[in-house]
Every structure is written in structure tokens, then in C-alpha cells.
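Listed next as C-alpha cells is one chain, alone, in the form predicted on its own.
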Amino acid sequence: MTPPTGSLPTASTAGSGLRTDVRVTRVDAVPFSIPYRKPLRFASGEVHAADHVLVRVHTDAGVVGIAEAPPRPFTYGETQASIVAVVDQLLGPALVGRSLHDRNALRAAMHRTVGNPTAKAAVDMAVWDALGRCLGLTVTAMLGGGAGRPLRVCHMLGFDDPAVMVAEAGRMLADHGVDTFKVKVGRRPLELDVAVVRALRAEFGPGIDLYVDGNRGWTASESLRALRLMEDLDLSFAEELCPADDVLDRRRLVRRSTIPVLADESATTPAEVTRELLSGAADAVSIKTARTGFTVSRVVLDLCDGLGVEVVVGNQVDGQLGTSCSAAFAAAHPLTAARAAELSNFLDMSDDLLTESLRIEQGHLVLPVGPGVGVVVDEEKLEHYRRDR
């Protein structure tokens, strides 16, 4: 497909009056809640509303960087309340007075607090956004991606009846040109999910790209059986079918599967990525800026690039702000832009916080063009949806 006109970001020219050393003065976290039009159901849980956190990094230049933290207690153990608390009490105070340019020091300061991946990631991305706004550059350009690359979109299909999931895929294809789908699996009996994938392939034929995501819902033996039942369906990947900590069985599954295995929840840090790839427990890696920000995501990407491993830019059922961050990172690198990125599930939300909504045209995300991650929060919407007043 030809990407839509105007889909590439452009960097604003930095004026001579822009400061080159800007420091953090305050970091705040605002909880908000926006209902989904329909719940997204998967093996590890389900989501009915975007009970997320807006993270803002304030600077002594008057510039404010923004990012979104999506709590996933069934994956990372974080809640909306815990993210607000750790940003307010630990991460924010650790960054006050530090330069936006010294991002390694900022990362080290946050790293002294154990865990809390989405909270740290949001603070990190808000720092990059603030710096980009100060310099008049997009995050994509700051990451070395120049004007960026067109991004094909993958849409996630949550648990439902086969006919409903086929109809949703058909709407995405007709309305937005999206032809790559990640199918949530992991139910019992597993034949339910095999039937869904088979129905999608029967309806759309070889013209769509399909892969499955089990969210750790099956045992290794169930996973192997499901993969054998789907061997003829030309799947691109099988993602996290069995428990992430089932080390030996995960390796056996990779050895026996004819479908490449994509690591997600088992590869949330650079150390875990290294372990999964070198031990033979994964063939490819999902990178999610919502859990590794921009700084650590670059480390993960470099590991995969050096080892010749494919990557997919994943999704935490982000809103449009989180999706903009994912897109800014994906558009900066050839490896992340090589495959369709999971950038569409904000369409399931009943509203959002941005002044201007993201668009998907001809199967590609139309990338924001402003400095930083390129988007602006609508203060009236934030006031309406925030949950701390």
C-alpha cells in the first residue's frame, strides 16, 4: 500500500533563542479514566476503561513534556494509584534540578527505585518530549530517524465469537486499510481460538497478515498443540502462548514450533531480552515504549539489531498519547518500521485527551508533525476525565 500524503513528521527549526540547558523543576502525575466503546478481552485480563496516568515533566524554560502510563496490574503489578504515588514520591523528586540533556543520569536516578516499569517509561518519554519541544525537534529526529518512516498499522482483536472478530477485521480493512491483525488467544478449550484464526484466514485469504498472542494463557503442551492445529494458516508469529517464567518449556516450544515465537511479557528488560534470545526461548521481540520508554527501548532495539532478530512495536492498549510515543520511536528506525506496529486500539476508546485526534489512512498511521512527540493535551478534556479531584 502507498502511505497517505503527509504521514511523515517534519522537524521544526530550532531558533537561536532556544536554551540548550534546560532543567526539571517538577514532575506530576494526573490519573484519568476514559471508557472504551467495548472491552478488550485477553487471557491475562480485560480492559473496560483507560484508567491511565498523564505524566508531565515541567522545566525551568516553561516547557512541559507529556507522556501516558497505562497500568497493567496483571502484567507488571502497577495500578493507577501506584503510578501516581511512585511518580510523586520517588521518581519526580529524583529528577528535579537535573538537565534534560543528561538522560543517562535521569535513567540512573529512576533506576534506584525497583520495578514500576510503566511509571519510569512515562517519565522518560515526557523528558524526551520536553527536550524536543525545547529544541524544536521531533523525538523521531532526536532518535536519529530524520523525517521518519511510514508506519503500517496492526490491529489487535480481543476475545469474541468468530463472526464478531471477522466483522471487526473487515471494518478495519474497509475503513482504514489495515491488513495486519494480532489475534488474542489463550482460551480453553483452545479449539475456540483455532476456529477464530481459521475463520479470519478463510474470510480474507492470503491478503492479510495474521499472528496470535496468548498472553501466557496456555500451558506449553497446549501451546504446542494449538500451533500444530494452526500450522497451515501462515501465521507470522506466536506471541507469549505459555507462562513467561516457564523457562524450559518455552525453549522446547521454540524448538518444536514451525511458527516464529515472539517474546513480550518474558522480555520486559534488556537483561530478559538477552536471556530469551541467547537461550533459544524466543525468535523475535516485542518492544513497548509504554514499559521501556525511549531510552531503554533503544537498548533493546540495539540488542535485537546486533543479533539479527526481528522486532514488533507492541501496544499496551494505549490512548492516543501513548500511541504517539510508540509511533515516534517506531518511525525512527528501519527495524521497527519494517513490520506493522500495533497502533490502532485507541479507536476503541470513546474519547481521548488530545486536541487533534490521530488518523489511520490507507493502512498507515498519519504521524504528528509537531516538536517532541507532536501532540497537545486538551486541558478541558483533561479536566473532565481526571480522577484526582
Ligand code: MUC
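Numbers for residues come from their place in the sequence shown, where the first is 1. If you're wondering where the values come from, they're calculated on a predicted model, not measured in any experiment.
This protein has a second form, the form predicted together with the named molecule, left out of what is shown; the following refers to that one.
- Proximity to the named molecule in the predicted complex, taken as a non-hydrogen atom within 4.5 angstroms, holds for one residue of Thr292, Thr180, Gln316, Ser266, which is Gln316.
- Only one of Thr219, Ser82, Asn215, Ser257 lies close to the named molecule in the predicted complex, with a heavy atom inside 4.5 Å, and it is Asn215.
- None of 120-128, 87-95, 74-82, 158-166 except one has non-hydrogen atoms within 4.5 angstroms of the named molecule in the predicted complex; the exception is 74-82.
- The closest heavy atom approach of Arg133 to the named molecule in the predicted complex falls outside 4.5 Å.
- The closest non-hydrogen atom of Lys184 lies within 4.5 Å of the named molecule in the predicted complex.
- Interface residue remark: Ser44 is counted as part of the site for the named molecule in the predicted complex, having a heavy atom within 4.5 Å.
- Although the partner is absent from this view, Asp352 stays clear of the named molecule in the predicted complex, with no non-hydrogen atom inside 4.5 angstroms.
- Heavy atoms closer than or equal to 4.5 Å to the named molecule in the predicted complex belong, across 360-389, to no residue whatsoever.
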